[in-house]
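Below you'll find only one chain, the form predicted on its own, shown as structure tokens.
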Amino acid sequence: MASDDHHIPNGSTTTPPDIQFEFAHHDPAIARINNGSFGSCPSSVISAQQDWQLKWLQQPDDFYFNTLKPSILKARLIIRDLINADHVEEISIVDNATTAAAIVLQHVTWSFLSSQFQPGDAAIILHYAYGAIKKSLQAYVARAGGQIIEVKLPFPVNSDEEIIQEFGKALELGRMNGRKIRLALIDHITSMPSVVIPVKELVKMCREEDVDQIFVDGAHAIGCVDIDVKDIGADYYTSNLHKWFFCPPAVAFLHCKKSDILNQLHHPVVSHEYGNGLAIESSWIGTRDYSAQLVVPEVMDFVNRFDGGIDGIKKRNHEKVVEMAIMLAKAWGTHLGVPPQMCSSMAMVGLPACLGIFSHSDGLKLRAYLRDCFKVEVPIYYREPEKGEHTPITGYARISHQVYNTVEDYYKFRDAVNKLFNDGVTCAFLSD
């Protein structure tokens, strides 16, 4: 990382050397433009986490009885304010968004098994939903008798309206033959390809069509886009704090709107707190390391060193990733997969068609080759071409921007792809 290329706004108390120090544990040889997959955690927060771990190890009994729950409550209060929730009781802290989905889908499953929902009733999910969440729907809802309907989204996508139209078609399909739609699972930001979804509009459509329960999977959202759970209006909302909010892995929140349903939700790991409400159940699921949940105050200290705090970071990351995506697309003669207003702190950039990305396997091979030979870490997405397309772009890179990134990271990626292009290298030449 070059020390003079970090974008530091006026008014920030964080300097380029500060950022270099906070992320000095990153491999300096790697152009790490994939914050979206696993996130990043600054050294000051790692140190705070280690302090929490040591406090537990020094006197676990005292920590359990007198420290753990009040400290988790403090983190929940911060999250409540960040997402504009009404009540701290609506906020549970869990390991990740997949755990949050299991909590919600477990409740939906019991609704089928108790005959509250009928066999064949539908659950709607986006075609580009995260793979683990799609499999969770199969494991819970489909096995209980529900029917899964996928919303076929276009990519590349040009506007919110395209998504809204396809979602409307899925709602219509879900209502066929008198069937009821029991659950809509909507991404706030899809993972691959990465697209900011018009969640507020889709939630409104669900309400108008009497969808029973609405769950927004915002795994990438907190620290990346604005979240106002009251404005969005879903029944459930989850997001990982370890992706874009600088927490160590793994920690997420689940917001459940205060209602009768909240009292029926349970953590899938049953321990001594069962029956005391989801937030309390989630605060103790047995002896384990809870430190990732406890450092939320220290994360707030870190982000508040930047001009505008987390909101300023989000804005600058979005602006910079769009700038870098446009630079790459121009260099390769390609295009962005979504317009800038539908990008978050991630953007999809078309790769030259001559690289021969003809399958998901080709994308994985190219990603490994870029990592091993050029020290560039970036996910590659394969898009199956439409019939009749002439020399289509089928490969897209999902680039991220976080505070530690510099322009050299993206130049390194640009130059690596240009070298492959100039040398005539295609995915057919790459080993599995």
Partner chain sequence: MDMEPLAQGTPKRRRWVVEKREKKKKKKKKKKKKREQMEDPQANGDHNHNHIPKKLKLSSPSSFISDSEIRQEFAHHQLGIARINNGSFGSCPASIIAAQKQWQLRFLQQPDDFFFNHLQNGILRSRTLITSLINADHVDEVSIVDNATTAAAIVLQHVGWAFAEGRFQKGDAVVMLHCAFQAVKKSIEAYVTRAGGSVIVVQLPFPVHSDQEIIAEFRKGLAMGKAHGRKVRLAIIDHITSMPCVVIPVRELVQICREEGVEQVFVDAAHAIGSVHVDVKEIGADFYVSNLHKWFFCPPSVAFLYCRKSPIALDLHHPVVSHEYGNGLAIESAWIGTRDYSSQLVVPDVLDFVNRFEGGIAGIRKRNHDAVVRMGELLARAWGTHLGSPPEMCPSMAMVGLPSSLRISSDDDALKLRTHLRDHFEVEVPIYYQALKDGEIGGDNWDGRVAGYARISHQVYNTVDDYLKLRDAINQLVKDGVTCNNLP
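Positions refer to the first chain, counted from 1. Note that this is a predicted model, so its numbers are computed, not measured.
Heads up, the form predicted together with its partner chain isn't pictured, but that's what we're talking about next.
Just one of Gln213, Thr334, Thr98, Ser71 comes within 4.5 Å of its partner chain in the model of the complex, counting any heavy atom, and that one is Thr98. Proximity to its partner chain in the model of the complex, defined as a heavy atom within 4.5 Å, holds among His127, His272, Lys204, Lys230 only for His272. Proximity of Arg32, Gln53 and Leu420 to its partner chain in the model of the complex is complete: all three residues have a non-hydrogen atom within 4.5 angstroms. Note on the interface: of 179-187, 222-230, 263-271, 74-82, the segment with non-hydrogen atoms within 4.5 angstroms of its partner chain in the model of the complex is 263-271.
Although the partner is absent from this view, Asp86 stays clear of its partner chain in the model of the complex, with no non-hydrogen atom inside 4.5 angstroms. Although the partner is absent here, Gln165 is not a contact residue: none of its heavy atoms lies within 4.5 angstroms of its partner chain in the model of the complex. The shortest heavy atom separation between Glu172 and its partner chain in the model of the complex exceeds 4.5 Å.
Its partner chain in the model of the complex is not approached by Ala353, whose heavy atoms all lie more than 4.5 angstroms from it.
In the model of the complex, Gln53, Leu54, Trp56, Leu57, Gln58, Gln59, Pro60, Asp61, Asp62, Tyr64, Phe65, Asn66 are the residues of 51-71 with at least one heavy atom within 4.5 Å of its partner chain, listed from first to last.
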